[in-house]
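Below, in structure tokens: the form predicted on its own, a single chain.
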């Protein structure tokens, strides 16, 4: 049984919800912020029996955590470091959006123990940012990045999205060039997912905006893999790139199937073969905790078959792939034999490869990863 644990705190508040976002986040709820912090503290007290576990990473995500008063964020972190075992090397990340944080905030956060920033940029063209509902300009990103460096942050990640409405290949190339010029340690480059129920989905369905053609989106992804590698960023997961020594410890924990506790409205947890998720509405979350009522909305046991499917889905997203012997030792399943119906054709098409006892996607396979993963898990 692992003695390590990761903590995730969800802050589902935004100044304005981005048009593409289907995360559990809300705008116009600012008046709930003080009560929400009290609720988070109340919830984590339920888990104090876990305080003997070593905390290897802490992640403040959202929503927009940096939209909260900085003293509230520090209060949460101090509670954790006081009641849990948090070594000095633990990765402590804050998601921050330009336009919601200033130099005084950064100084206080850095002094309090936050040692990693994940800055949401998405694109460096202001017209593209406006089209997706971002509240900031590209210059505000550059300003906050420079201030973060000046205040002592040596581990900064930047989130980007390609396939945006109106985006051309040259836009994306310029974005990658501009971002790598400032030199973050980590870059997440996600392909836009058009999610039902979002404002952007509605706009596309009404033909108010149009997305780039699929072949151009593929070109963007191909360019990303080559360009970032040339600039010293290792692609360690389909959408994530890092300089040496700066892979996201917290997110790697998710992809490797490690245990974590999620706190906050809509947060999910996985622990000792159980998975549960909290109620999503911040008002209900706050009220339940005021009354001492559980905030868990759903719970499930992760059986062996489910765990095995998830191990394949997540393992193939990692460039390190799936170690076939460890997979067999854990699930008593020979993955090669189990998937042989489709495996040979995928190998012949150069979409997957098997080297040194490891199964992984090729660079060509990454471009159609969802289809390949679906094909393989259909055999399980």
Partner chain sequence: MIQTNIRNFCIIAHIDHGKSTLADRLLEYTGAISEREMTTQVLDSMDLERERGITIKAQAVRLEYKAKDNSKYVLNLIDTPGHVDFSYEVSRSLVACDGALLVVDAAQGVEAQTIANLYLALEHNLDIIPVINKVDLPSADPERAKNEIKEIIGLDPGECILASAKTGLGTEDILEAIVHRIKPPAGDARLPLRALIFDSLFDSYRGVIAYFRVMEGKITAGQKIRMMASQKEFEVTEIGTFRPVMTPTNELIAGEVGYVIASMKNVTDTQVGDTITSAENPALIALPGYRPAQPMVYCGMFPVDNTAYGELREALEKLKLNDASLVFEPETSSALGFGFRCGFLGLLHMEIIQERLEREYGLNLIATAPSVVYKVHLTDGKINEISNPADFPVSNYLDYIEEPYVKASIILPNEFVGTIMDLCQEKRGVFKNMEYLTAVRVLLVYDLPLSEILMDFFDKLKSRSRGYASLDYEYLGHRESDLVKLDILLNEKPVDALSAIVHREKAYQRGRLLTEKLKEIIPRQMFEVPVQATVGTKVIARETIKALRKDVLAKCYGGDISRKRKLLEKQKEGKKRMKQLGTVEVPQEAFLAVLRIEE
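Here the structure is a predicted model, which means the values were calculated and not measured. Residue numbers count along the first chain shown, from 1.
Omitted from view is the form predicted together with its partner chain, to which the following refers.
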{"property": "Selected contact from 137, 173, 71, 193, since only one has a non-hydrogen atom within 4.5 angstroms of its partner chain in the predicted bound form", "result": "193"}
{"property": "Heavy atom within 4.5 Å of its partner chain in the predicted bound form - residue from 240, 97, 167, 93", "result": "240"}
{"property": "Per-stretch contact check against its partner chain in the predicted bound form, the hit in 49-57, 327-335, 25-33, 348-356 (non-hydrogen atom, 4.5 angstroms)", "result": "348-356"}
{"property": "Residue contact check: residue 318 to its partner chain in the predicted bound form, 4.5 Å heavy atom", "result": "no"}
{"property": "Heavy atom of residue 289 within 4.5 Å of its partner chain in the predicted bound form", "result": "no"}
{"property": "4.5 angstroms heavy atom contact with its partner chain in the predicted bound form for residue 314", "result": "yes"}
{"property": "Contact of residue 302 with its partner chain in the predicted bound form (heavy atom, 4.5 Å)", "result": "yes"}
{"property": "Residues of 212-234 having any heavy atom within 4.5 Å of its partner chain in the predicted bound form, listed in sequence order", "result": "214, 215, 217, 218, 221, 222"}
